[in-house]
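In the block that follows, a single chain appears as structure tokens, in the form predicted alone.
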């Protein structure tokens, strides 16, 4: 979805949300000593797999908290529950579901959908209803240019997603000099590509290809042919899992070689490695979180990334990717804010979120005046012999980058 269309959709949602109701509902009471969250997540549509990863992250937190006594609010302890509904990967559906969660189902708070477009429409609704939403899967800064006060994002913004790969590239020999960037035409991906292009140019690299393709496309052959024609050292993609799989397959089909292949979304997901097999090797991915990250988290939850990864793997049968971790972190932001507020009043919890400054297994949770976690660094993972290894930055790496990527016929 392009920026123009994205902006138009957001404006339509803000205006159209008035059609639902003009009155702000009274704050929901926690029924049966349970704090209830609402989450509109894709179970169908183009982002269903990412929606499933998001739900796993939410559920892991919920089950852990309930198994360890719940959340203390003032002098009372509450269990937590999460109501889910399928937003069908559709931004307008996400907005309607969030409206229903608050106005009809009387949930206390909202956990964000997957994706920037869906997070943006949900943000417009919670702003009008004055109910806090914390999201971990909508990185487009355009969400936070509307002056919203009730939406908070635990993840670093889209402009940073591919910068770590370029930072790493500057330390490698032979040093790559030219960059090709292909981005899906949606708000998040456009920001990712723009951030990468700006960083590359500012640090002496030459961007020799920078173009968009339709979001959720099923044919990238023309894009791949154009990239092959300019023969870049680095190929970067701002997009989502299905597009990353399609591009990687097409690069092999057309025998496109580069020193570095990097994706904003894809390599971290179990599906990328499972689907591509050996063809996933050597690929780099920007990541919000790594199991090797060295953080000492606050009390009240698993404080260590390795322990979180091990416990998650035990529960779901796969090592958590950053979608899982950032979704759990969104829940943690609510947990610490509610405890700090000592109240379930939406305004008091919103104020506690705005003032939040806590380190977790995922890293720091702290928001600027817009609600963005600008304090969150990115890392870089690489698939090496079928395993996802963290290769950048130096402080968290558990492997050195495998570089340069060999030609397809030399692997």
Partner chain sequence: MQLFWQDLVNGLLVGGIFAVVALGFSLVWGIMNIINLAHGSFVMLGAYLSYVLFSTWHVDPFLSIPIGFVVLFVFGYCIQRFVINFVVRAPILTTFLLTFGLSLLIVNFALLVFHGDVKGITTQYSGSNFSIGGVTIAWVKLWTLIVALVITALMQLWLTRSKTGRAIRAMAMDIDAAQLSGVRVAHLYAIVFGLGAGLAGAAGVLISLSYSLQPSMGDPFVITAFVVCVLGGLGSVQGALLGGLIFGILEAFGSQYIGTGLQDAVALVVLLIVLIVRPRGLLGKATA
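On a predicted model such as this, the values are computed, not experimentally measured, just so you know. Numbering follows the first chain given and starts at 1.
Note that the form predicted in complex with its partner chain isn't included here; everything after this is about it.
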### Message
I have 211, 226 and 252 flagged as a candidate spot, so tell me whether each of them has a non-hydrogen atom within 4.5 Å of its partner chain in the predicted bound form.
### Response
yes
### Message
At 4.5 Å between heavy atoms, is residue 279 in contact with its partner chain in the predicted bound form?
### Response
yes
### Query
Taking heavy atoms only, is residue 43 within 4.5 angstroms of its partner chain in the predicted bound form?
yes
### Query
Is the gap between residue 219 and its partner chain in the predicted bound form 4.5 Å or less for some heavy atom pair?
yes
#### Entry: Heavy atom of residue 370 within 4.5 Å of its partner chain in the predicted bound form
no
### Query
For the chain seen here without its partner, which of 195-203, 283-291, 269-277, 160-168 has a heavy atom within 4.5 Å of its partner chain in the predicted bound form?
269-277
### Summary
Checking 302, 241, 80, 309 against its partner chain in the predicted bound form, the residue with a non-hydrogen atom inside 4.5 angstroms turns out to be 241
### Interface residue in the predicted bound form among 156, 337, 246, 235, criterion: non-hydrogen atom within 4.5 angstroms of its partner chain
246
